[in-house]
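Below you will find one chain, with nothing else, as C-alpha cells; this is the form predicted alone, and questions on how it binds or moves follow later.
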Amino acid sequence: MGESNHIEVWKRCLQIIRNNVPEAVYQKWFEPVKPISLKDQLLTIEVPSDAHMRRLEEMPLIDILAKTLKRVIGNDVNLLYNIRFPKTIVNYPHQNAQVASNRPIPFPINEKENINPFVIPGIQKLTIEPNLNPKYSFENFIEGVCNRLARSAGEQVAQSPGNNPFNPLFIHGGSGLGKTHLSQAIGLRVKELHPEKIVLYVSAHTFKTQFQDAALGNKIPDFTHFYEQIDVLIIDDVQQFNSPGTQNVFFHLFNYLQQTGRQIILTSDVAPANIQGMENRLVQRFRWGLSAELLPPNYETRVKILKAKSANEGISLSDDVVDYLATKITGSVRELEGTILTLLAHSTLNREDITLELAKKVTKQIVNVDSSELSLEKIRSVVCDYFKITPELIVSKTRKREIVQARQITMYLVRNLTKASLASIGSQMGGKDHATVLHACSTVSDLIDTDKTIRRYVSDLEHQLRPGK
C-alpha cells in the first residue's frame, strides 16, 4: 500500500478495535488517537502523551493494535508515534500537570578536564532534573488508616520543606505499599508550591554507584558539592547503604543539609533500628525527625484502591467483584494493581465481561487463596499479621495494651468462627481458663458496639478470614 487516505484507514482500524475491546477501553486509549499520515506502509499517529504511548505499547493493547494494522494495511506495516505533549504531560485522574525543572545552579568547571561526572564540559550552569513521575501525586495516593500519618506528615513537609519538625521524614514499610509514590508526591508538591527549590529524587542504589564512581576517579569533592546544592533530597530504599564509604559520605552530607535548613526524605523497607549493617550514628539521625510506617491497606482502603485503579484503566467493576478482590488480596497495593491489569488483559483478549467468576479465576493466579477450614492457628496467624506482632508475643503473659487487645480479638474470632471449646481456646492462647476467654469475648463484643476502631479491626479480620461472607 502506497500513499492512502490515512483518515479513512484509521477509521476502519477503529471499527475493528471497537468490536474487540470493552467500550471503556476503546474510549480511553484508542478514541483519542489521531491519524497523521500513511505512506509506504508507515502509519503515523498522534497520541496525547508519552504515558499514553507507553500504555498502547503494553499487552494486551499492542497485540490488538498490531493485528488490526496488519489486517487493514498489510503485514509490512510500521507504526510511528507523534506525541502531542512530549514527555511532560501524563493524563491521570485529578492531575494533568508537568513537573517543573529545577533552576540551574553554578558549578565550578575545569576547562582542561571535566572534573564533575554530572556536568558537560564548558557548561557553567548545571540543571538537576528532579526525577519525579507526575503520576505519583498526592491526588493519586489513596489514603487510609494504613498510611494516614505518613501522608499527613508528607503534606506538611511539602508546605514548609526544611522548616518543619519532620526532618528527616523517614517512611518505611513492606514492598509495594507506596513508599516511592508518597516520597515522590512530596517532591511534586514542593515543586508546585516552591518552584525555586531544587528537588532531587534518587534511589539509594544510584547514589551508591555515583559515589563509587567518584571515589575511583578521585572526584569525591565534586560528588559532595553536587549533593550539597539540593534543597529537598529524596533517597529511596536507604537500607541499601551497606558499605562504610557510602555511609560515611552520607553521614557528612546529612549533617550539612540539616544544618543549612534543607529537607531530607528517606524510605526504607524496615524501621531505622532494624536496618542491618547501618552505623549507629546514622540510625540516630534517621530518628531525629519522624519515622512513619506504611501498613498493608485494610479492607476499606483496598476497596478505594480497586475503584480508583480500575477507573484509571477504563474498566468497570461490579460491587461483588470489588468486594471479592478486596477480601482476597490483602498484601500490597502492587498486588491490587497487578490484579486490575490482569483482569483488563483477560477481558480484552477474550472479549468477556469481568464477572465474579473471572475475578476468582484471576485471583488464584496472583495470590494463594486458602479454602481450608478455619482453625485457631490460622486465625491467630492472621491476627498477628494484621497487628504486626509475633505469635509468641500474643500468647505471652505481657499486659501491654496492644497485645492484650490482639489476644482478646483472637479469642473472640475463634469463638465465633470455629467450633472450638472455651477450654481449647484458653489452652492454646497461653494457658488461659474458660472464664478469661469468656471475659475477652464479652469485652470485644461490647467494644464493637461502642468503639469504631475495634469495629473496623474485627470487620477487616472477618473479611480476611471469611471472604464473601
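Numbering starts at 1 and follows the sequence shown. A quick note: this is a predicted structure, and the numbers were derived from the prediction, not measured.
Another form exists, predicted together with a small molecule; not displayed. Remarks below refer to it.
- Residue in contact with the small molecule in the predicted bound form (any heavy atom within 4.5 Å), chosen from 178, 130, 134, 289: 178.
- When you look in the predicted bound form, the only residue of 142, 257, 73, 326 with a non-hydrogen atom within 4.5 Å of the small molecule is 142.
- Checking 353 to 361, 333 to 341, 207 to 215, 377 to 385 against the small molecule in the predicted bound form, the stretch whose residues place heavy atoms within 4.5 Å of it is 333 to 341.
- At the 4.5 Å threshold, heavy atoms of residue 263 stay clear of the small molecule in the predicted bound form, well away from it.
- Proximity of residue 314 to the small molecule in the predicted bound form: non-hydrogen atoms within 4.5 Å are absent; the residue sits far from the partner.
- The small molecule in the predicted bound form is not approached by residue 162, whose heavy atoms all lie more than 4.5 angstroms from it.
- In the predicted bound form, none of the heavy atoms of residue 189 sits within 4.5 Å of a heavy atom of the small molecule.
- If you check the small molecule in the predicted bound form, you find no heavy atom from any of 296, 410 and 455 within 4.5 Å.
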